[in-house]
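Form predicted on its own, single chain, as structure tokens, below.
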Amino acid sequence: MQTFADGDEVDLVIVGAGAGGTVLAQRLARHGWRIVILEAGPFWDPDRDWVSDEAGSHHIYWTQNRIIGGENPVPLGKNNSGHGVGGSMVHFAGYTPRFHPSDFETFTRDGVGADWPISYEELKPHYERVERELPVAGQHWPWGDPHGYPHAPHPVSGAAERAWAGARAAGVEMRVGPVAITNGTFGNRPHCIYRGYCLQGCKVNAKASPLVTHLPDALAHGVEVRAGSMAARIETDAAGRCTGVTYLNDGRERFQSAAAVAIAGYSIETPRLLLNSASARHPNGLGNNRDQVGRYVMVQGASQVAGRFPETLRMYKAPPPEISSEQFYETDPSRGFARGFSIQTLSPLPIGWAEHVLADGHWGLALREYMRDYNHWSVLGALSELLPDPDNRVTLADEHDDHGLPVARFDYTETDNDKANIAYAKQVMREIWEAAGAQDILTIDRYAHLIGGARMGFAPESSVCDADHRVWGIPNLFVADGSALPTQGAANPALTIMAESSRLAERLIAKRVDANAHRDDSSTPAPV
């Protein structure tokens, strides 16, 4: 791996080696940018560090202390935080739908949320490129902007067949996929072996994550990744430009000089770092002159409804999201709330299944019976689009972490629209299982997928960065992760985060090419 000295001014320091940071590094490195990625977690070795075991995989999640509050506190950990090189995609289920064109203009269309400063059409070529690179497998997708996928869909298990039969009977249209899981060999990655441990890191590397897709190419083009490096603050000069990042490594403070900085720490750590980077010129934190940093953090309502059947189903023997529907994605006024939700099959492993049973109120002997029945159950999950609210926000708590840095506090409260969306989604899933002839039905309420906290927008009064992800008032500071997205959608955000970083890289490369047209040595990148 290429290495740089702290005193060397590299072209870009990226904080975070997940979906956003790794794609950005890979794209720019191919055009000669000198890049250092700072990652707080370890540099994973799938052969050494990942195991086919729920309890044994606890270390791949971000479990450091965070404070939660509000009327509906959101648990932070394995379902919405990444730790280590590859980020949360190391332990995501592999589900990679696109956002819909309507997601980019929810305020104009439905009077809720916020319009994005970019359109779906601007992002579409990057969706297509990333889908090929992962690659994504699935049936032709009829919702949103209809499109196909590079790989054919995976076979469907008995558990998903039961769900599909119930969906047809209930009038709900389903499709197989899309998942970023190889259907056939792809390069040095094998075919999926349907072992059920997608959320534990995928030891065979059939499931895509930046660790196995974009990072190898980034390293081959000179990117340095410094694992175990916790970013403490972004430094700025008297003119207001970033000069680099102060970080903590092996118990000592270090500083990496850079011509530009991109934050890709996701919706909790990105606002935390911006707020922790307060200075005399920026007393409230970077990008926070108008009190926008940390606001509008969203999650998705991720309720799950399970059905029991007499035959053995073994729901874990397939990618967790096998079949899915976006039939309820768009606003339907007759439902009584704005925006919508998607539905997909899921396959919690035994510990996750125990949490499901407990959430439905079963304990003791009843819990044991439900656990014995594990292989007779199939699970549907919804992703309800919950709306942005300025009071759902990240701030700095009084508590400090092991590095002596203030930890993040996340306060969250559902709106009435959110509650109605979640309730309707649970009703539809219950109707599917009833139509399928389920003998018993269990329900768990939960959240998933963080978005927002440093959102892009049209003006600094209501956002943190502009359409090019550039933080307002700081010309060489960028936000390159899910915290920049203005709305949540009813789709898993990983693909959109990667596509956004791909677009950002394209914009930065184009601007340097324009600048270099007036230089004698066009092989040297011009300053950002």
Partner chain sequence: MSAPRNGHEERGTDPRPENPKRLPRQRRGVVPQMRGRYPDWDVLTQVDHWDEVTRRVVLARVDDVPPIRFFDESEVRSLGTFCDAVMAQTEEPRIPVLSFIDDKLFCGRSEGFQYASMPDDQETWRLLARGLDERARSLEATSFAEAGVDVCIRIIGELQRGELSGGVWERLDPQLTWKVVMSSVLDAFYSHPWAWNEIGFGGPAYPRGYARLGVGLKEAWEGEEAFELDPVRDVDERGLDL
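Computed from a predicted structure; not experimentally measured. Numbering follows the first chain given and starts at 1.
There is another form of the same protein, the form predicted together with the partner chain; it is not shown, and what comes next is about it.
Although the partner chain is omitted here, in the model of the complex all of S52, H58 and H376 have a heavy atom within 4.5 Å of it. Contact annotation: of the candidates P333, G364, P142, G251, the single residue with a non-hydrogen atom within 4.5 angstroms of the partner chain in the model of the complex is G364. Exactly one listed residue, out of A318, L134, A425, M298, brings a non-hydrogen atom to within 4.5 Å of the partner chain in the model of the complex: A318. Remark: R503 does not count among the residues lining the partner chain in the model of the complex, judged by a heavy atom distance of 4.5 Å or less. Not displayed here, the partner chain is approached by E369 to within 4.5 Å at the level of heavy atoms in the model of the complex. The partner chain in the model of the complex comes within 4.5 Å of a heavy atom belonging to T63. By the criterion of a heavy atom within 4.5 Å, N188 is excluded from the residues contacting the partner chain in the model of the complex. Heavy atoms within 4.5 Å of the partner chain in the model of the complex map, among the stretches 338-346, 134-142, 309-317, 117-125, onto 309-317 alone.
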